[in-house]
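Here's a solo chain for you in structure tokens, the form predicted alone.
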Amino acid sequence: MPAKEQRTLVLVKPDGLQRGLMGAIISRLEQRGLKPVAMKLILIDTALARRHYAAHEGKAFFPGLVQFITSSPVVAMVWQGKGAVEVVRQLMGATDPLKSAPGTLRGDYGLDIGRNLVHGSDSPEAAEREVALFFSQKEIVDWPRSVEPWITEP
């Protein structure tokens, strides 16, 4: 991975998958210039959900969050690119879809904070931790993309 590039975890949550928005979400990430390096459809078990959302343990919404993320399959992905963490955060929009700008995933497709379609790591440190929760190093494919010079400067 080039030095200025980052990797970040993105989850298409159960509502995004159930609503048939997986393709739209992946398409928007690709159109922005990010490169997928890992992807799989999984059922998150309670143990993984609790580890993933450990920062929220003890909060009133934690049990519902765990119940929701384990209720249906998710698409877990690792995306790579210059400033990938921030790019994904901007593209997702505010956690509450009603406060998300048009043009963001949540602003275009969401209505409810509890059904906000997608998760993205909130910092480079969180991205590293979250990627390791969902993917082994063998599952991440570092591949050359011929269009790179047309997306970012060397």
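In this text, residue numbers run from 1 along the sequence as written. Just so we're clear, the structure is a prediction, and the values are computed from it rather than from any experiment.
This protein has a second form, the form predicted in complex with a small molecule, left out of what is shown; the following refers to that one.
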Note to self: Please determine whether each residue of R28, V75 and Y109 possesses a non-hydrogen atom within 4.5 angstroms of the small molecule in the predicted complex.
What the structure shows: no
Margin query: So in the predicted complex, is the small molecule close enough to G114 to count as touching (4.5 Å, heavy atoms)?
Written below: yes
Check: Though only this chain appears here, would L65 touch the small molecule in the predicted complex if you measure heavy atom gaps against 4.5 Å?
Finding: yes
Margin query: Within 4.5 Å, heavy atoms only: does K99 come near the small molecule in the predicted complex?
Written below: no
Check: Does T95 reach the small molecule in the predicted complex if we count a contact as any heavy atom within 4.5 Å?
Finding: yes
Note to self: To verify the annotation, which of these, R129, R89, R50, R32, has a non-hydrogen atom within 4.5 Å of the small molecule in the predicted complex?
What the structure shows: R89
